[in-house]
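Quick heads-up: it's one chain on its own, the form predicted on its own, in structure tokens.
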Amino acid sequence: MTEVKPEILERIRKGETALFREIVDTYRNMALSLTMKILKNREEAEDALQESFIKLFRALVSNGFESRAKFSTYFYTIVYNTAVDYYRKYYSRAFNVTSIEVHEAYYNDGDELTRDFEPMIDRSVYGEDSLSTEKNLDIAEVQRIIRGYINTIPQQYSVILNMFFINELSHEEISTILKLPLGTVKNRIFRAKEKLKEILFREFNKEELIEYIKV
């Protein structure tokens, strides 16, 4: 994951505020994916992200961010908390990233991770032999399927998976940001990855995928 160099942060703090654009350009798309997972609305997600950058800028120029802290953890904590505040504002209820509510008598453990997702392979890329394990791995296609999968699973999983795959945060960072036990974070990531692997291994060469999906 790209980390902002400490000297850039220090120069911003000392008045070179134009350098803040580098931070926005580096983190905007990845951070927007997180606010979208929480708010499910593009306009609200954009607003939450804009406010997050404003909070970050103010913290940097007022020396509210300590350089010995990891920047990505600090920034995504702001993004997550701001998006959750917006969620409470618009939906007048708490955002719960821990529990999975199950009301169906025929529910099987793990159903919430696959029920609403069916990968759509781009046949223009793979043609009639798209399921052949002889095909070379197409990273863009894998990323598209991963993003589609993350978009369909419950928020209690999607937020954590987005942080892991898209924002490239560690288990420990996610635990810190979400204020969840490390074991809960690891369990959610493990369960969702196992289901994701089942999907991807049906479509792509298993050996090529092992390192990419961080088994």
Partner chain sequence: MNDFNEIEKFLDSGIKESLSVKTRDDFSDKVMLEIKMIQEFERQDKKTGKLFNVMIAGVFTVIIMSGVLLAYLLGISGGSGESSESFLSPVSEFFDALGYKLSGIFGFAPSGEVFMYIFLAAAAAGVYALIDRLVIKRGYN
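Just so you know, these numbers come straight off a predicted model, no measurement behind them. Numbering follows the first chain given and starts at 1. Basically, rigid core = biggest C-alpha set you can superpose within 1.5 Å across the two forms.
Omitted from view is the form predicted in complex with its partner chain, to which the following refers.
The contact with its partner chain in the predicted bound form, taken as any heavy atom within 4.5 Å, belongs to N151 out of S170, N63, N151, N187. The closest heavy atom approach of Q156 to its partner chain in the predicted bound form falls outside 4.5 Å. Remark: R11 does not count among the residues lining its partner chain in the predicted bound form, judged by a heavy atom distance of 4.5 Å or less. The closest heavy atom approach of K197 to its partner chain in the predicted bound form falls within 4.5 Å.
Contact between S175 and its partner chain in the predicted bound form is not found at the 4.5 Å heavy atom cutoff. Although the partner is absent from the chain shown here, none of Y76, S92 and K179 has a heavy atom within 4.5 Å of its partner chain in the predicted bound form. Counting a residue when any of its non-hydrogen atoms is within 4.5 Å of its partner chain in the predicted bound form, the hits in 45-63 run E46, L49, Q50, F53, I54, F57, R58.
For E198, a C-alpha deviation of 2 angstroms or more is recorded between this form and the one not shown after rigid-core alignment.
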